[in-house]
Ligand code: TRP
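Single chain ahead, written as structure tokens, the form predicted alone.
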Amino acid sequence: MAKIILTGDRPTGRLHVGHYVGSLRRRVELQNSGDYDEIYIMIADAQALTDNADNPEKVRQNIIEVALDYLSCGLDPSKSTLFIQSQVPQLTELTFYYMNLVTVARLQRNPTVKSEIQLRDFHNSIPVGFFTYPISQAADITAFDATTVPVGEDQEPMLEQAKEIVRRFNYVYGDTLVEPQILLPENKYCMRLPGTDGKAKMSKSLNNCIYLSDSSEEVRKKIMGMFTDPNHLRVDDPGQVEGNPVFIYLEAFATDEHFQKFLPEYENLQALKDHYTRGGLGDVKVKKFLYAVMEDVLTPIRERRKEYEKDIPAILEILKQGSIKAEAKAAATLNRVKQSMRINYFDDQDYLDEQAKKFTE
């Protein structure tokens, strides 16, 4: 069986460092590993519209932003197929068929759906499209016969529901769909990077994100203003590293090489944490080190983005060609699904002959 990856992002804003450590960095590694036969990276505009239906321009304007973030992080159109979800109509038809295999009660129990509904304060005004988001995601995954889906920890319930849909479909209609496996970040601190204000999740509305496209000065201001241990008031005070966003970011980004380059008086992150815990190490010094680390990571991304921004028509052509390729793949899966469901009437010669004979005898 071919090894195939499907993953993607909603184009509701520029991508931030949480996206980078949660999935983008890993996608590039997997792309360049040579271990996968096909890789599909989706800009999920249709899913973004489920809670932005009254503001389609927001989604429209962020298509290119996300594509630029993808390319500047190292995704290569010659190795990965970059496409726009709405340009692959087969995904919508697959979603419709899968809806019959899932109950409302099961959707209501999905932890990711529940938390996202609460986050958006929908109450009893939940858009149906948003409510059925896990079914749509199952269609996205199965349309490409994805064997592997690299995502963050918060998407694990969605993947589990996709697997349930695959099993149910194969049980009812015969072995047709490929069951996907989730691939989580190896570094637990990359699974859910907090906002710079210490909130559990980065959010554009909370202004607590460091974007991949932020300037050096914007990154500096955001890091120097980061939330730390509120009880670490003086340099000599013992500090707490658990739950401290600055140290969580260092866990996600800093390497031993960064210490050798920017903070050689410490052998590694553990030595820095030990000093902070016993007291005698100020927040400003730690933040300056984090800034140096982030600049080391973000500068090449920022520079590549500037180059790609010089030829936006080329970016659009990459997305157009990727969408054409993705549609062909999804069409083949849809044909297989309709054959298994026995609704491929005009392609089934046995059915046509049977019906013709039935009414002529």
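Quick note: we count residues from 1 along the sequence shown, nothing fancier. What you see is a predicted model, and the numbers here were worked out from it, not measured in a lab.
The discussion below concerns the form predicted in complex with the named molecule, not included here.
S.K.: Does at least one non-hydrogen atom of residue 44 fall within 4.5 angstroms of the named molecule in the model of the complex?
M.R.: Yes.
S.K.: According to a 4.5 angstroms non-hydrogen atom cut-off, is residue 184 in contact with the named molecule in the model of the complex?
M.R.: No, residue 184 is distant from the partner.
S.K.: Can you tell me whether residue 155 touches the named molecule? I mean in the model of the complex, with a 4.5 angstroms heavy atom cut-off.
M.R.: The answer is yes: residue 155 has a heavy atom within 4.5 Å of the named molecule.
S.K.: Flag residue 10 as yes or no: does it have a non-hydrogen atom within 4.5 angstroms of any non-hydrogen atom of the named molecule in the model of the complex?
M.R.: Residue-level check for residue 10: yes, a contact with the named molecule.
S.K.: Which of these stretches, 147-155, 236-244, 217-225, 285-293, has heavy atoms within 4.5 Å of the named molecule in the model of the complex?
M.R.: Of the stretches listed, the one contacting the partner is 147-155.
S.K.: If you check 177, 88, 141, 82 against the named molecule in the model of the complex, which one has a heavy atom within 4.5 Å?
M.R.: Answer to the contact question: 141.
S.K.: Select from 170-188 the residues with a non-hydrogen atom within 4.5 Å of the named molecule in the model of the complex and write them out in sequence order.
M.R.: The stretch does not touch the partner at all.
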